[in-house]
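Take a look at this single chain, the form predicted on its own, given in C-alpha coordinates.
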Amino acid sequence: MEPLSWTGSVGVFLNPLLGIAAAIFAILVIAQMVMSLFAAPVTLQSNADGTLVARAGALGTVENLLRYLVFALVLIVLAYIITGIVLPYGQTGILGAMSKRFLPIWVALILTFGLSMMFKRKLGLYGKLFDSTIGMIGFGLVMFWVYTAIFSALFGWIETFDPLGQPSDLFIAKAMKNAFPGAVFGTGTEGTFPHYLLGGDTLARDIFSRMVAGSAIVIQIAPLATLFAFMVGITLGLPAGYFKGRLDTLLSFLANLILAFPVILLFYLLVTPEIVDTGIPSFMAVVLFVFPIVFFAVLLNSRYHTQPKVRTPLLIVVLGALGWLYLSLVSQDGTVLHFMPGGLDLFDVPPGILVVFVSVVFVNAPTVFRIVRSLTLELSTRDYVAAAQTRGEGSWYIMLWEILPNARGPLIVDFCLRIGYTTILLGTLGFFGLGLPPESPDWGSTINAGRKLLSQFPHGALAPALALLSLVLGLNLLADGLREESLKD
(Lines give C-alpha, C1' and ligand atoms only; values in the text may rest on other atoms or scores of the structure.)
Protein backbone atom coordinates (compact mmCIF):
# COMPACT_ATOMS: atom_id res chain seq x y z
CA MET A 1 0.00 0.00 0.00
CA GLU A 2 1.42 3.34 -1.11
CA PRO A 3 0.85 6.76 0.52
CA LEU A 4 -1.75 8.95 -1.16
CA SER A 5 -0.91 12.13 -3.01
CA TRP A 6 -3.33 15.04 -2.86
CA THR A 7 -4.98 14.48 -6.25
CA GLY A 8 -3.76 11.09 -7.50
CA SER A 9 -3.83 10.27 -11.18
CA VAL A 10 -6.64 12.75 -11.98
CA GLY A 11 -4.31 15.56 -10.95
CA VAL A 12 -2.35 15.06 -14.16
CA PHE A 13 -5.29 16.59 -16.05
CA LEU A 14 -7.09 18.73 -13.47
CA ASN A 15 -4.16 20.34 -11.63
CA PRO A 16 -2.86 22.26 -14.71
CA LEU A 17 -6.39 23.44 -15.48
CA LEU A 18 -6.87 24.60 -11.90
CA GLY A 19 -3.49 26.34 -11.87
CA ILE A 20 -4.11 28.18 -15.14
CA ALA A 21 -7.64 29.23 -14.15
CA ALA A 22 -6.47 30.41 -10.71
CA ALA A 23 -3.57 32.40 -12.19
CA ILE A 24 -5.79 34.12 -14.78
CA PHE A 25 -8.37 34.80 -12.08
CA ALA A 26 -5.75 36.47 -9.85
CA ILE A 27 -4.47 38.57 -12.75
CA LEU A 28 -7.98 39.71 -13.68
CA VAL A 29 -8.82 40.58 -10.06
CA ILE A 30 -5.70 42.77 -9.86
CA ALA A 31 -6.57 44.33 -13.23
CA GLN A 32 -10.12 45.04 -12.09
CA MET A 33 -8.87 46.73 -8.91
CA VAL A 34 -6.44 48.93 -10.85
CA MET A 35 -8.91 49.81 -13.62
CA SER A 36 -11.67 50.64 -11.14
CA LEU A 37 -9.48 53.42 -9.73
CA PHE A 38 -9.62 55.23 -13.05
CA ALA A 39 -13.14 54.24 -14.17
CA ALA A 40 -15.92 56.77 -14.47
CA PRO A 41 -18.59 56.77 -11.73
CA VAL A 42 -21.29 54.18 -12.28
CA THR A 43 -24.78 55.43 -13.16
CA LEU A 44 -27.55 52.87 -12.82
CA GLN A 45 -29.41 52.47 -16.12
CA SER A 46 -32.10 49.92 -16.81
CA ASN A 47 -33.00 47.98 -19.92
CA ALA A 48 -36.56 47.75 -21.17
CA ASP A 49 -37.14 44.54 -19.18
CA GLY A 50 -35.95 46.12 -15.93
CA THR A 51 -32.47 44.56 -15.84
CA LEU A 52 -29.44 46.78 -15.29
CA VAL A 53 -27.22 47.81 -18.19
CA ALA A 54 -23.85 46.06 -18.05
CA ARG A 55 -20.71 48.15 -17.63
CA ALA A 56 -19.12 48.96 -21.01
CA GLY A 57 -15.47 49.22 -21.99
CA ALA A 58 -12.40 47.30 -20.86
CA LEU A 59 -13.52 47.18 -17.23
CA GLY A 60 -16.82 45.63 -18.24
CA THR A 61 -14.97 43.01 -20.28
CA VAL A 62 -12.79 42.15 -17.27
CA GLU A 63 -15.85 41.80 -15.03
CA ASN A 64 -17.52 39.47 -17.53
CA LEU A 65 -14.36 37.34 -17.78
CA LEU A 66 -14.23 37.08 -14.00
CA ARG A 67 -17.77 35.69 -13.93
CA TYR A 68 -16.83 33.03 -16.48
CA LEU A 69 -13.66 32.16 -14.57
CA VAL A 70 -15.57 31.73 -11.31
CA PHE A 71 -17.88 29.35 -13.14
CA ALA A 72 -14.84 27.49 -14.56
CA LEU A 73 -13.25 27.18 -11.11
CA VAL A 74 -16.48 25.78 -9.71
CA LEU A 75 -16.61 23.22 -12.52
CA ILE A 76 -13.01 22.13 -11.85
CA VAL A 77 -13.73 21.71 -8.12
CA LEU A 78 -16.83 19.67 -9.00
CA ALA A 79 -14.65 17.53 -11.27
CA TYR A 80 -12.36 16.73 -8.32
CA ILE A 81 -15.39 15.76 -6.20
CA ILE A 82 -17.17 13.71 -8.86
CA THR A 83 -14.07 11.80 -9.93
CA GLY A 84 -13.32 11.08 -6.27
CA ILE A 85 -16.77 9.58 -5.85
CA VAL A 86 -16.87 7.63 -9.11
CA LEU A 87 -13.32 6.32 -9.51
CA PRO A 88 -11.87 3.56 -7.30
CA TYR A 89 -10.27 4.49 -3.99
CA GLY A 90 -6.66 5.63 -4.37
CA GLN A 91 -6.79 6.86 -7.96
CA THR A 92 -7.99 10.32 -6.98
CA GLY A 93 -5.70 10.81 -3.97
CA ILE A 94 -6.58 12.45 -0.68
CA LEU A 95 -9.13 14.88 -2.11
CA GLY A 96 -10.96 12.08 -3.90
CA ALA A 97 -10.95 9.86 -0.81
CA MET A 98 -12.40 12.68 1.31
CA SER A 99 -15.00 13.36 -1.38
CA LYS A 100 -16.07 9.73 -1.21
CA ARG A 101 -16.33 9.86 2.60
CA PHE A 102 -18.49 12.99 2.31
CA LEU A 103 -20.88 11.33 -0.18
CA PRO A 104 -23.88 11.41 2.25
CA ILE A 105 -23.30 15.15 2.71
CA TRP A 106 -23.24 15.78 -1.07
CA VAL A 107 -26.51 13.86 -1.46
CA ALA A 108 -28.13 15.76 1.42
CA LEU A 109 -26.98 19.12 0.02
CA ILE A 110 -28.33 18.31 -3.46
CA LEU A 111 -31.70 17.32 -2.03
CA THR A 112 -31.81 20.38 0.22
CA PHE A 113 -31.00 22.83 -2.55
CA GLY A 114 -33.24 21.07 -5.07
CA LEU A 115 -36.32 21.02 -2.85
CA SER A 116 -35.68 24.54 -1.54
CA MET A 117 -35.37 26.07 -5.01
CA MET A 118 -38.42 24.13 -6.20
CA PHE A 119 -40.63 25.57 -3.45
CA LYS A 120 -38.75 28.80 -2.71
CA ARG A 121 -41.74 31.03 -3.50
CA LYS A 122 -43.67 29.33 -0.70
CA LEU A 123 -40.93 29.43 1.94
CA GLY A 124 -40.90 33.11 2.87
CA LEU A 125 -37.54 34.67 3.74
CA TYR A 126 -35.80 31.29 3.58
CA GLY A 127 -37.01 30.85 0.00
CA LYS A 128 -35.87 34.33 -0.95
CA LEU A 129 -32.40 33.39 0.24
CA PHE A 130 -32.00 31.35 -2.96
CA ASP A 131 -32.30 34.54 -5.01
CA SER A 132 -29.00 35.69 -3.50
CA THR A 133 -25.78 34.10 -4.76
CA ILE A 134 -23.89 35.12 -1.63
CA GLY A 135 -26.66 33.72 0.55
CA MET A 136 -26.67 30.39 -1.28
CA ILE A 137 -22.89 30.02 -0.95
CA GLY A 138 -23.07 30.78 2.77
CA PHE A 139 -26.02 28.44 3.24
CA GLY A 140 -24.14 25.68 1.43
CA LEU A 141 -21.05 26.06 3.63
CA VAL A 142 -23.12 26.07 6.81
CA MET A 143 -25.25 23.10 5.82
CA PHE A 144 -22.14 21.15 4.81
CA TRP A 145 -20.91 21.25 8.40
CA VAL A 146 -24.41 20.75 9.82
CA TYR A 147 -24.88 17.56 7.81
CA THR A 148 -21.33 16.49 8.63
CA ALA A 149 -22.10 16.84 12.34
CA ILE A 150 -25.40 14.97 12.00
CA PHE A 151 -24.07 12.04 9.99
CA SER A 152 -20.95 11.87 12.15
CA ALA A 153 -22.66 12.01 15.55
CA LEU A 154 -25.66 9.81 14.73
CA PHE A 155 -24.30 7.28 12.25
CA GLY A 156 -20.50 7.55 12.23
CA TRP A 157 -20.50 7.52 8.43
CA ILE A 158 -17.79 10.12 7.87
CA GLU A 159 -14.93 9.35 10.25
CA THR A 160 -12.28 6.87 9.18
CA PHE A 161 -10.93 6.17 12.70
CA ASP A 162 -11.94 6.73 16.32
CA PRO A 163 -11.28 10.47 16.86
CA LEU A 164 -10.17 9.80 20.45
CA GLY A 165 -8.40 6.50 19.86
CA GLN A 166 -4.74 5.76 19.34
CA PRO A 167 -3.22 2.77 17.53
CA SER A 168 -2.82 -0.15 19.91
CA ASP A 169 0.30 -1.38 18.15
CA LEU A 170 3.31 0.58 19.42
CA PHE A 171 5.16 0.39 16.10
CA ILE A 172 2.11 1.73 14.19
CA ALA A 173 1.58 4.42 16.82
CA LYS A 174 5.17 5.58 16.44
CA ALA A 175 4.85 5.63 12.65
CA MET A 176 1.55 7.56 12.69
CA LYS A 177 2.72 10.19 15.19
CA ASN A 178 2.75 13.48 13.27
CA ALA A 179 2.28 11.48 10.06
CA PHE A 180 1.87 13.54 6.91
CA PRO A 181 -1.45 13.59 4.95
CA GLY A 182 -2.07 10.38 3.02
CA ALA A 183 0.21 8.27 5.23
CA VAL A 184 -0.42 4.51 5.19
CA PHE A 185 -1.84 3.15 8.44
CA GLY A 186 0.44 0.23 9.29
CA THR A 187 0.61 -1.93 6.20
CA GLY A 188 -2.83 -0.81 5.03
CA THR A 189 -4.27 -4.30 5.56
CA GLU A 190 -5.18 -4.23 9.27
CA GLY A 191 -8.92 -4.29 8.54
CA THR A 192 -9.26 -0.55 9.22
CA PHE A 193 -9.20 2.41 6.88
CA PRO A 194 -5.90 2.20 4.96
CA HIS A 195 -4.73 5.82 5.28
CA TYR A 196 -4.67 8.82 7.58
CA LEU A 197 -6.20 11.21 5.04
CA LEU A 198 -5.08 14.42 6.73
CA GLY A 199 -2.23 12.92 8.70
CA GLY A 200 -1.75 12.17 12.38
CA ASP A 201 -1.39 14.42 15.41
CA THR A 202 1.18 14.33 18.21
CA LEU A 203 -0.65 11.38 19.82
CA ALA A 204 -0.97 9.45 16.52
CA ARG A 205 -4.70 10.17 16.23
CA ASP A 206 -6.34 10.70 12.84
CA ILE A 207 -6.72 14.44 12.16
CA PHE A 208 -9.46 13.96 9.55
CA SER A 209 -11.64 12.04 12.01
CA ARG A 210 -11.00 14.60 14.76
CA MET A 211 -11.90 17.44 12.40
CA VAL A 212 -15.18 15.72 11.49
CA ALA A 213 -16.02 14.89 15.12
CA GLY A 214 -15.19 18.46 16.15
CA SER A 215 -17.94 19.76 13.88
CA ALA A 216 -20.50 17.90 15.99
CA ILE A 217 -19.34 19.74 19.13
CA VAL A 218 -19.59 23.14 17.45
CA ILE A 219 -22.98 22.44 15.85
CA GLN A 220 -24.38 21.15 19.15
CA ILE A 221 -23.27 24.10 21.26
CA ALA A 222 -23.12 27.25 19.09
CA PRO A 223 -26.69 27.40 17.64
CA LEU A 224 -28.41 26.22 20.84
CA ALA A 225 -26.40 28.56 23.06
CA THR A 226 -27.15 31.45 20.70
CA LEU A 227 -30.86 30.52 20.69
CA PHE A 228 -30.96 30.55 24.50
CA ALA A 229 -29.16 33.90 24.52
CA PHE A 230 -31.82 35.26 22.16
CA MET A 231 -34.56 33.96 24.44
CA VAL A 232 -33.03 35.85 27.36
CA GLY A 233 -32.36 38.99 25.32
CA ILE A 234 -35.83 39.08 23.74
CA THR A 235 -37.69 38.38 27.00
CA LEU A 236 -35.89 41.27 28.74
CA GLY A 237 -35.34 43.61 25.79
CA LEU A 238 -38.98 43.88 24.71
CA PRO A 239 -40.36 45.22 28.03
CA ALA A 240 -37.29 47.43 28.52
CA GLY A 241 -37.86 49.16 25.17
CA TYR A 242 -41.65 49.22 25.40
CA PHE A 243 -42.22 50.32 29.00
CA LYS A 244 -39.04 52.42 29.29
CA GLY A 245 -38.66 54.20 32.64
CA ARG A 246 -37.02 52.56 35.64
CA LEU A 247 -37.28 49.05 34.25
CA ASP A 248 -35.30 50.10 31.18
CA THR A 249 -32.73 51.89 33.32
CA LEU A 250 -32.20 48.89 35.61
CA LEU A 251 -31.96 46.27 32.85
CA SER A 252 -29.71 48.47 30.70
CA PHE A 253 -27.40 49.04 33.68
CA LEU A 254 -27.10 45.28 34.30
CA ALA A 255 -26.44 44.61 30.61
CA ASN A 256 -23.78 47.33 30.41
CA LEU A 257 -22.21 45.98 33.60
CA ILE A 258 -21.72 42.55 32.01
CA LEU A 259 -20.54 44.05 28.71
CA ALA A 260 -17.93 46.12 30.56
CA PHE A 261 -15.90 42.95 31.21
CA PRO A 262 -13.56 41.76 28.43
CA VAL A 263 -15.17 38.70 26.86
CA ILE A 264 -12.13 36.42 27.12
CA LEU A 265 -11.57 37.39 30.78
CA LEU A 266 -15.22 36.74 31.57
CA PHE A 267 -15.05 33.33 29.89
CA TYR A 268 -11.87 32.52 31.75
CA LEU A 269 -13.49 33.38 35.09
CA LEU A 270 -16.58 31.29 34.38
CA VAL A 271 -14.91 28.11 33.18
CA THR A 272 -11.95 27.83 35.55
CA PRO A 273 -12.15 24.75 37.82
CA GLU A 274 -12.21 26.88 40.98
CA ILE A 275 -15.36 28.70 39.83
CA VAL A 276 -16.96 25.48 38.56
CA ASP A 277 -16.41 23.78 41.93
CA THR A 278 -18.37 26.54 43.68
CA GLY A 279 -21.45 25.62 41.65
CA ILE A 280 -21.88 29.14 40.25
CA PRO A 281 -22.32 27.98 36.63
CA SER A 282 -25.00 25.49 37.76
CA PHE A 283 -26.96 28.22 39.55
CA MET A 284 -26.53 30.47 36.51
CA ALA A 285 -28.06 27.69 34.42
CA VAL A 286 -31.07 27.61 36.75
CA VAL A 287 -31.71 31.30 36.07
CA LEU A 288 -30.81 31.54 32.38
CA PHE A 289 -32.57 28.37 31.23
CA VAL A 290 -35.90 29.44 32.74
CA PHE A 291 -36.26 32.26 30.20
CA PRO A 292 -37.49 30.02 27.33
CA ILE A 293 -40.29 28.82 29.62
CA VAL A 294 -41.21 32.40 30.50
CA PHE A 295 -41.05 33.42 26.84
CA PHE A 296 -43.39 30.71 25.57
CA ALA A 297 -45.76 31.09 28.53
CA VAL A 298 -46.19 34.80 27.86
CA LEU A 299 -46.28 34.26 24.08
CA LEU A 300 -49.13 31.74 24.19
CA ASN A 301 -51.04 33.46 26.98
CA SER A 302 -50.98 36.82 25.18
CA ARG A 303 -52.18 35.20 21.95
CA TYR A 304 -55.00 33.09 23.38
CA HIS A 305 -55.98 34.99 26.51
CA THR A 306 -59.50 35.49 25.13
CA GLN A 307 -59.83 31.76 24.34
CA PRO A 308 -59.38 29.96 27.69
CA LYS A 309 -60.52 26.60 26.26
CA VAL A 310 -57.60 26.69 23.85
CA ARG A 311 -55.11 28.50 26.06
CA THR A 312 -55.27 26.29 29.14
CA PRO A 313 -54.60 22.87 27.57
CA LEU A 314 -52.01 24.40 25.24
CA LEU A 315 -50.13 25.94 28.15
CA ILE A 316 -50.29 22.71 30.12
CA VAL A 317 -48.79 20.67 27.28
CA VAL A 318 -46.15 23.19 26.21
CA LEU A 319 -45.06 24.27 29.67
CA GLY A 320 -45.11 20.68 30.92
CA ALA A 321 -42.76 19.58 28.15
CA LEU A 322 -40.51 22.63 28.55
CA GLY A 323 -40.48 22.22 32.33
CA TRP A 324 -39.40 18.58 32.02
CA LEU A 325 -36.61 19.56 29.62
CA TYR A 326 -35.60 22.40 31.95
CA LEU A 327 -35.35 20.15 35.00
CA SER A 328 -33.38 17.56 33.03
CA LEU A 329 -31.03 20.26 31.79
CA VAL A 330 -30.28 21.91 35.15
CA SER A 331 -30.06 18.59 37.02
CA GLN A 332 -26.74 17.18 35.90
CA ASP A 333 -24.79 14.31 37.36
CA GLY A 334 -21.58 15.47 39.02
CA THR A 335 -22.91 18.95 39.91
CA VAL A 336 -24.39 20.41 43.09
CA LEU A 337 -27.86 20.37 41.51
CA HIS A 338 -28.28 16.67 40.74
CA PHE A 339 -31.83 16.04 41.98
CA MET A 340 -33.78 14.34 39.15
CA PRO A 341 -34.35 10.56 39.51
CA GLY A 342 -32.62 8.49 36.85
CA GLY A 343 -35.90 7.36 35.28
CA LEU A 344 -37.11 10.95 34.77
CA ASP A 345 -33.84 12.60 33.81
CA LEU A 346 -33.94 12.75 30.02
CA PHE A 347 -30.23 13.43 29.43
CA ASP A 348 -26.98 14.40 31.09
CA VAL A 349 -24.82 17.09 29.53
CA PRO A 350 -21.09 16.65 30.24
CA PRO A 351 -20.10 19.20 32.94
CA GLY A 352 -17.51 20.87 30.70
CA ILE A 353 -19.99 21.43 27.87
CA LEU A 354 -22.66 22.69 30.31
CA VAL A 355 -20.25 25.28 31.73
CA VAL A 356 -19.27 26.45 28.24
CA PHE A 357 -22.95 26.56 27.23
CA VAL A 358 -23.91 28.70 30.22
CA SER A 359 -20.94 30.98 29.66
CA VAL A 360 -21.86 31.60 26.02
CA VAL A 361 -25.48 32.39 26.93
CA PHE A 362 -24.40 34.72 29.72
CA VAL A 363 -21.96 36.64 27.51
CA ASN A 364 -24.22 36.94 24.44
CA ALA A 365 -27.53 37.75 26.17
CA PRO A 366 -26.69 41.40 27.06
CA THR A 367 -25.78 42.22 23.45
CA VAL A 368 -29.00 40.66 22.19
CA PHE A 369 -30.89 42.60 24.88
CA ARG A 370 -29.49 45.89 23.61
CA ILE A 371 -30.38 45.08 20.00
CA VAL A 372 -33.95 44.06 20.89
CA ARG A 373 -34.36 47.09 23.14
CA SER A 374 -33.26 49.52 20.41
CA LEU A 375 -35.54 47.86 17.84
CA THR A 376 -38.45 48.02 20.27
CA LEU A 377 -37.85 51.71 20.98
CA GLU A 378 -38.02 52.39 17.25
CA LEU A 379 -40.94 50.13 16.33
CA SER A 380 -43.13 51.07 19.31
CA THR A 381 -43.84 54.42 17.63
CA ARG A 382 -45.24 52.84 14.44
CA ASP A 383 -48.87 53.15 13.40
CA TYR A 384 -49.67 49.43 13.72
CA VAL A 385 -48.67 49.60 17.41
CA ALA A 386 -51.02 52.54 17.94
CA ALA A 387 -53.76 50.63 16.12
CA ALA A 388 -53.26 47.61 18.41
CA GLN A 389 -53.40 49.85 21.47
CA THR A 390 -56.63 51.38 20.14
CA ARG A 391 -58.12 47.88 19.79
CA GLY A 392 -57.38 47.32 23.46
CA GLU A 393 -54.66 44.71 23.02
CA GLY A 394 -52.44 43.98 26.01
CA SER A 395 -48.85 45.15 26.25
CA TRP A 396 -47.33 41.68 25.88
CA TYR A 397 -49.51 40.94 22.87
CA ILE A 398 -48.26 44.11 21.19
CA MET A 399 -44.64 43.32 22.02
CA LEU A 400 -44.70 39.68 20.94
CA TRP A 401 -47.20 39.71 18.08
CA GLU A 402 -46.82 43.20 16.62
CA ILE A 403 -43.29 44.46 17.36
CA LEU A 404 -41.27 41.22 17.41
CA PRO A 405 -42.42 39.92 13.98
CA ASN A 406 -41.50 43.26 12.42
CA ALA A 407 -38.03 43.08 14.00
CA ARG A 408 -37.35 39.59 12.65
CA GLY A 409 -35.10 40.74 9.78
CA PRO A 410 -32.31 42.32 11.88
CA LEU A 411 -32.68 39.61 14.52
CA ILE A 412 -32.31 36.75 12.03
CA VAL A 413 -29.22 38.38 10.55
CA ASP A 414 -27.73 38.95 13.99
CA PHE A 415 -28.56 35.37 14.96
CA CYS A 416 -26.45 34.02 12.09
CA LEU A 417 -23.58 36.39 12.86
CA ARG A 418 -23.74 35.56 16.56
CA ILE A 419 -23.45 31.84 15.85
CA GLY A 420 -20.22 32.71 14.04
CA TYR A 421 -18.99 34.72 17.04
CA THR A 422 -19.91 31.84 19.33
CA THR A 423 -18.02 29.41 17.09
CA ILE A 424 -14.92 31.60 17.37
CA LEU A 425 -15.36 31.82 21.15
CA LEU A 426 -15.64 28.04 21.42
CA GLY A 427 -12.47 27.72 19.35
CA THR A 428 -10.76 30.25 21.61
CA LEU A 429 -11.78 28.36 24.75
CA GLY A 430 -10.58 25.09 23.27
CA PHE A 431 -7.33 26.73 22.18
CA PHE A 432 -6.63 27.86 25.75
CA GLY A 433 -7.75 24.50 27.15
CA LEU A 434 -10.71 25.94 29.05
CA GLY A 435 -14.09 24.31 29.63
CA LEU A 436 -13.95 21.31 27.30
CA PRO A 437 -11.99 18.15 28.22
CA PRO A 438 -8.33 18.07 27.08
CA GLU A 439 -8.94 15.08 24.78
CA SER A 440 -11.92 16.76 23.13
CA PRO A 441 -11.75 16.80 19.30
CA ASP A 442 -13.16 20.33 19.13
CA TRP A 443 -11.41 22.53 16.61
CA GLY A 444 -9.84 24.90 19.13
CA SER A 445 -8.17 22.09 21.08
CA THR A 446 -6.98 20.45 17.87
CA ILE A 447 -5.48 23.74 16.64
CA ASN A 448 -3.74 24.21 19.99
CA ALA A 449 -2.30 20.69 19.84
CA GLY A 450 -1.05 21.21 16.30
CA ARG A 451 0.45 24.67 16.74
CA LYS A 452 3.33 23.37 18.87
CA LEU A 453 4.93 21.76 15.82
CA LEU A 454 3.54 24.15 13.23
CA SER A 455 6.82 24.73 11.40
CA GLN A 456 7.51 21.01 10.85
CA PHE A 457 3.97 19.57 10.69
CA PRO A 458 1.53 22.35 9.69
CA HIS A 459 -1.30 19.97 8.75
CA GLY A 460 -2.14 19.32 12.43
CA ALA A 461 -3.35 22.89 12.94
CA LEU A 462 -4.31 23.88 9.39
CA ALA A 463 -7.09 21.30 8.91
CA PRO A 464 -9.23 22.35 11.92
CA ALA A 465 -8.36 26.01 11.33
CA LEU A 466 -9.68 25.84 7.76
CA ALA A 467 -12.79 24.03 8.99
CA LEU A 468 -13.41 26.80 11.55
CA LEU A 469 -12.75 29.46 8.91
CA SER A 470 -15.16 27.90 6.41
CA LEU A 471 -18.01 27.62 8.93
CA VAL A 472 -17.64 31.21 10.16
CA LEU A 473 -17.31 32.45 6.56
CA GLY A 474 -20.47 30.56 5.64
CA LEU A 475 -22.37 32.10 8.56
CA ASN A 476 -21.23 35.61 7.58
CA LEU A 477 -22.19 35.09 3.93
CA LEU A 478 -25.54 33.63 5.01
CA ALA A 479 -26.16 36.68 7.20
CA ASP A 480 -25.30 38.98 4.26
CA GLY A 481 -27.73 37.10 2.02
CA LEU A 482 -30.49 37.25 4.61
CA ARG A 483 -29.91 40.96 5.19
CA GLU A 484 -29.98 41.62 1.45
CA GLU A 485 -33.29 39.81 1.05
CA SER A 486 -34.89 41.15 4.26
CA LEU A 487 -34.29 44.72 3.07
CA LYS A 488 -36.48 43.97 0.03
CA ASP A 489 -39.52 43.24 2.24
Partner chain sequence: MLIFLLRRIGTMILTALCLTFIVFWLTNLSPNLEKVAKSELGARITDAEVTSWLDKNGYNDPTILRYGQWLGVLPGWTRTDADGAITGRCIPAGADAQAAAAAPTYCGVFQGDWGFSTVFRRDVSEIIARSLALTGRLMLAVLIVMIPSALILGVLAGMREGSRTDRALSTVSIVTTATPEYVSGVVLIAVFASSAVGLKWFNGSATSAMDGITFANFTLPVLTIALYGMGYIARMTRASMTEVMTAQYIRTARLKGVSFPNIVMKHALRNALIAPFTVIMLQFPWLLNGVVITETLFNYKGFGWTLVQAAGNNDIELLLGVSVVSVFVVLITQLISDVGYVFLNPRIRIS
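Positions refer to the first chain, counted from 1. All values reported here derive from a predicted model rather than from experimental measurement.
The same protein also exists as the form predicted together with the partner chain; that form is not shown, yet it is the one meant from here on.
For this session: Note which of 71, 384, 261, 171 lies within 4.5 Å of the partner chain in the predicted bound form, where distance is taken over heavy atoms; exactly one does.
Result: Checked against the cut-off, the match is 261.
For this session: Could you work out which of 126, 106, 304, 268 is the residue within 4.5 angstroms of the partner chain in the predicted bound form, going by heavy atoms?
Result: If I apply the 4.5 Å criterion carefully, the residue I get is 268.
Exercise. Which of 270-278, 226-234, 322-330, 206-214 has heavy atoms within 4.5 Å of the partner chain in the predicted bound form?
Worked result: After filtering at 4.5 Å, what remains is 270-278.
Exercise. So in the predicted bound form, does any heavy atom of residue 257 sit within 4.5 Å of the partner chain?
Worked result: Although the partner chain is absent here, residue 257 would touch it in the predicted bound form, with heavy atoms inside 4.5 Å.
Exercise. Though only this chain appears here, would residue 423 touch the partner chain in the predicted bound form if you measure heavy atom gaps against 4.5 Å?
Worked result: Yes.
Problem set entry | Residue contact check: residue 449 to the partner chain in the predicted bound form, 4.5 Å heavy atom | Heavy-atom contact with the partner chain at 4.5 Å: absent for residue 449.
Exercise. Within a 4.5 Å heavy atom cut-off, is residue 458 in contact with the partner chain in the predicted bound form?
Worked result: Within the cut-off, so yes.
Problem set entry | Residues of 60-74 having any heavy atom within 4.5 Å of the partner chain in the predicted bound form, listed in sequence order | 63, 66, 67, in sequence order.
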